[in-house]
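Next up is one chain by itself, shown in structure tokens, the form predicted alone.
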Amino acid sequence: MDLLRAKVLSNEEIMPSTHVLALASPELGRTAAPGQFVHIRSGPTWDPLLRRPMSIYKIRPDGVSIMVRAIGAGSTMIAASVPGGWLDCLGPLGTPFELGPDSRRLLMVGGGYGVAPLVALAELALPRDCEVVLLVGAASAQYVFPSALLPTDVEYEVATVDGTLGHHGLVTELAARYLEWSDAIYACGPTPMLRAVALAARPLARAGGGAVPSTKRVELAMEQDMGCAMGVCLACVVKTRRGLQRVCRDGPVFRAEELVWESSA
């Protein structure tokens, strides 16, 4: 983790209130991995006080790109960054996704702008001869991630809650047809979606007349409010089989079998 200043190279609005910022930072380009994030100061003053965590969307030798949805004061200020300006960043932070040595058929499930780290993962996986299916859910068509921004080898399917594009319903309803095909599953999005993915991937397989748990690699990138992003404030803890874990330091990527889900989630 480094404290650094990253120059804003470009700012493109790809969906309503959703911007992709290309940042020049050789340090981030050299050390960042899919699933990690940067913690960004919102502006030149202490209002807002807290930094905002932004997932790494693309990784280049000269830096990274991040996807920012303007939903509050801090994220709106970051989303309005002007090319040529500078952002005060901490990063890269958190644990990344891992590509297993035998993983070749990858199912990726993204909810909303949770698609961001999955794009970075797909760009890492494709040169390793992996097949990638990316399923993305959104409230409506206008918030669907543009397919033109994906590598052409990614198989892409969409679900919208209001039915204005693709499958009418939840993105997790699309996942069922790919569960047996895939040998690894990666997801990022709201907690209820992640819980549904984890439970869908958990079915028991019959072996030798008995039932044994599936050993499929399932990794989930948690979305959680953060304060310090350094593991000190404990504002972002989640329940795991090893006790409370910090999303900012022990995550944001967790193996699905590690997490303990609340019954109301």
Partner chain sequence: MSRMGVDLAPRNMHGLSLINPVMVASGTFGYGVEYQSLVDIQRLGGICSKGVTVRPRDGNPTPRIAETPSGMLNAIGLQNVGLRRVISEKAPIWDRWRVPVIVNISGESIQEFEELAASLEGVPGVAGLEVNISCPNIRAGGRLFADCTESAAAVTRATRDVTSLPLMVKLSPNVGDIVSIAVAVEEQGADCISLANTLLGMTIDVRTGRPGIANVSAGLSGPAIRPIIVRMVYQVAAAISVPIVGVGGVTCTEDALQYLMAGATAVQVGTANFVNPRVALEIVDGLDAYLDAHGYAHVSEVVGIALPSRRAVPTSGVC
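Positions refer to the first chain, counted from 1. None of the values given here were measured: they were computed from a predicted structure.
Omitted here: the form predicted together with its partner chain. The next part is about that form.
The candidate spot formed by Leu90, Gln224 and Val232 lies fully in contact with its partner chain in the predicted complex, as each residue has a heavy atom within 4.5 Å of it.
Remark: Lys58 does not count among the residues lining its partner chain in the predicted complex, judged by a heavy atom distance of 4.5 Å or less. Taking the partner from the other structure, its partner chain in the predicted complex has a heavy atom within 4.5 Å of a heavy atom of Pro48. Interface residue remark: Arg69 is not counted as part of the site for its partner chain in the predicted complex, having no heavy atom within 4.5 Å. Remark: Cys228 counts among the residues lining its partner chain in the predicted complex, judged by a heavy atom distance of 4.5 Å or less. Segments offered: 48 to 56, 28 to 36, 61 to 69, 192 to 200. Contacting its partner chain in the predicted complex at heavy atom distances within 4.5 Å is 48 to 56. Residues from 2 to 17 that approach its partner chain in the predicted complex with a non-hydrogen atom closer than or equal to 4.5 Å are Asp2, Leu3, in the order they occur in the chain.
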